[in-house]
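Heads up, the chain below is alone and in the form predicted on its own; it's given as C-alpha cells.
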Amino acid sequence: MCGIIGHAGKGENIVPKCLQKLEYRGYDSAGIAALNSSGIEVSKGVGTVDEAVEAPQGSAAIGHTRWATHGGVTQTNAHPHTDPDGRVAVVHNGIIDNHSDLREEVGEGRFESETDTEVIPHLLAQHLKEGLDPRAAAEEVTDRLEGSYAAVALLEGGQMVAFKQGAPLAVARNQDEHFFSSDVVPLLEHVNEAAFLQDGDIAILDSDLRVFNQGREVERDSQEIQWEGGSATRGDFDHFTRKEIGEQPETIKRATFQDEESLTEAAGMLEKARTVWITGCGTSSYAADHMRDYLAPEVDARSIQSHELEYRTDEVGDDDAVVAVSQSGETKDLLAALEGIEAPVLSFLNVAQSSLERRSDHTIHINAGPEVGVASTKAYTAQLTAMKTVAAELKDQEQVLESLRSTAEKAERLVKASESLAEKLHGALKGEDAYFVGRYQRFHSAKEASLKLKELSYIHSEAFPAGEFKHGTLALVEEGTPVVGFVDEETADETLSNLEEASSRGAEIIGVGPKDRDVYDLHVPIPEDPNREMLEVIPFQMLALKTALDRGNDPDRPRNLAKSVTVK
C-alpha cells in the first residue's frame, strides 16, 4: 500500500524524483530522510511529494509515500520515522501485527506517532546501542516482528539496512549507486536490471551491498527489467489514466504475443485439473469471471475473489489448479489465499519478477507495460486477451488470435469515439446514484464499468445481474436515475424486459450494444465483435475519467485507494 525508495551514491539526491513515480502506491502523505553533515535530516508532511517534502540533500536518502493503515493521515504519522535520538530513520510498507505489544515493551511515552512502523527504528536503535552491528541488530528486530513488511533503514553511521517478509522489495546497482525500491517503476531511468529480495532476507549496504538469510550470505540474481524507461511517463497526456485508456489497442495486440510452448504448458495445466479455481480481487476478479466462461464447458471452472478463497482452501484439491490474476503480483489477499493451497498455480501477471510469479508454477505475462493510474484500464483488457489466448489453445481455436487482433483495431476507433460518447454519458448522470445491469458475460462488463465510475468519480454506483434488479434494487430507482444495460443477442429479450421495468419507474436508460432499442434514452454503440467484452468497457473508462475531471478529482490518484494492495 505504500511506496518506499532508498538511494546511496554520489551527486544530487534523486529520491524525490523516484518517489514521485511511486505515488500510485500511496499518496496520503510523503517524506524523505537524508544523511548529511548535520546527521539525519527528515522532511515529511501530508499530501503529494511536491506538497509535503522539502527535499533534504545527502549522500544517502530514503523516501516514502503513504497509504494509511495504522494511524490517521497526519504529518506526525507520515514516514520516515526515527528513534528518539534521530540516529535511525525507517520507511516501511506492510503491517506489523504485534506492534501494540512492542510499543508497550519499548514504552508508549517514547513514541510520537500512532503508526505500527515506529517500533522498528526504536528497536533497531536499542540493539545498536547495545553494541550490535547493523546486521545483527536487524536480525534481532526481524525475529520480533510479526506481520508483513518491507523496510529500509538509514543509520547515522552511513549504512542502510533493508529487510522484508511478505511485501516486495527490489535492489539494484548502477556503477557507484545503489537502490532499494517497492517496485521497478522508479528505477527504469537509472538501471537495466534489478533483483528482488526474498522473505527473511536482510540486506546491508555499506561500502557494498551484501544480503543475508538465516545468518548466511546469499546471492540474489539480478534480472533484466522488461519495461522501457519512457513507458512510465505521461508523455503529452495530462493524466496517466487517459494515456493508458488510449494504449489499449496496442496492449490488446501485445497480449496475444505469447510463446507457443508457454501457452501449451498453461493449457495443459488447466486440461489436467479436476477443477480450476480462478481468483483475483477488484478488476482482476471480473477478469476471472470472464475466464471461467471462456473455459466452459470443457473445463469445470469456478471464479472466486481471493479474500473469500482464503476461507475455502480446504476445498481445493491437489489435483485441481488455481489461476491467479493480478496486475501487480503483490495483492496480499491473493498471496494469502495461496498459502494454504498445494494445487499448481497458473498466474496472469503484468509485473514480472513479482511475489506472485515466484509463487506460481507457470506464468502468462499480459505485456501491458507499466500501469500507473490506480484504476485499472489497459491491464484489464490485456488480462482478458491473454486469458482468451490460453483458452483458445486449450480448445484448439486457431481463429481466436486473428479475431483478437481485429478487436484491437476496433478498440482504436472506439477510443476515439469514446471522447464524445463520454460527454453524452456525462450529461445523463443525474444525482449521486447509477446502476449497471447485464446478464451472463454482460454482467461481468457491467461490474467493471460500475467500478470504474465509483473509483474515479465517487458517485455511488452498483452493478447487478439484470434479472436480479427487480428483486429489490428497483425500489431505489427514481425519476432520472441512470440505469446502464449491457445487451447482447443471447440475452436481449430478458434484459430489455428488465430495462423496460426500470424505464416505467422513470429511469434514464442507457443501452450498451450493437443495436439501438426503443427503450434506450441514450445508446452506446459497440461494434459487433466476438470479443466485445474488451470493447464495451472503454466508453465507461472514458466516462469515469471525464466525470472525475469535471468534479475536480485526480483520476490517477482516487481518494482512499492505492494501486498495489499489499495488506489484507
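A quick note: this is a predicted structure, and the numbers were derived from the prediction, not measured. Residues carry their position along the shown sequence, with the first being 1.
The same protein also exists as the form predicted together with a small molecule; that form is not shown, yet it is the one meant from here on.
- When the small molecule is considered in the predicted complex, residue 168 lies well away from it, no heavy atom lying within 4.5 Å.
- Contact annotation: residue 134 falls outside 4.5 Å of the small molecule in the predicted complex, judged by heavy atom distances.
- With a 4.5 Å cutoff on heavy atoms, residue 360 does not count as touching the small molecule in the predicted complex; it lies far away.
- When the small molecule is considered in the predicted complex, residue 94 lies well away from it, no heavy atom lying within 4.5 Å.
- When contacts are defined as a non-hydrogen atom within 4.5 Å, none of 381, 450 and 536 contacts the small molecule in the predicted complex.
- Think of it this way: in the predicted complex, the small molecule has a heavy atom of just one of 88, 375, 288, 434 within 4.5 Å, and the residue is 375.
- 283 is the sole member of 418, 82, 283, 77 with a non-hydrogen atom lying within 4.5 angstroms of the small molecule in the predicted complex.
- Here the chain stands alone, but in the predicted complex its contact with the small molecule, taken as any heavy atom within 4.5 Å, falls in 319-327 among 256-264, 470-478, 319-327, 288-296.
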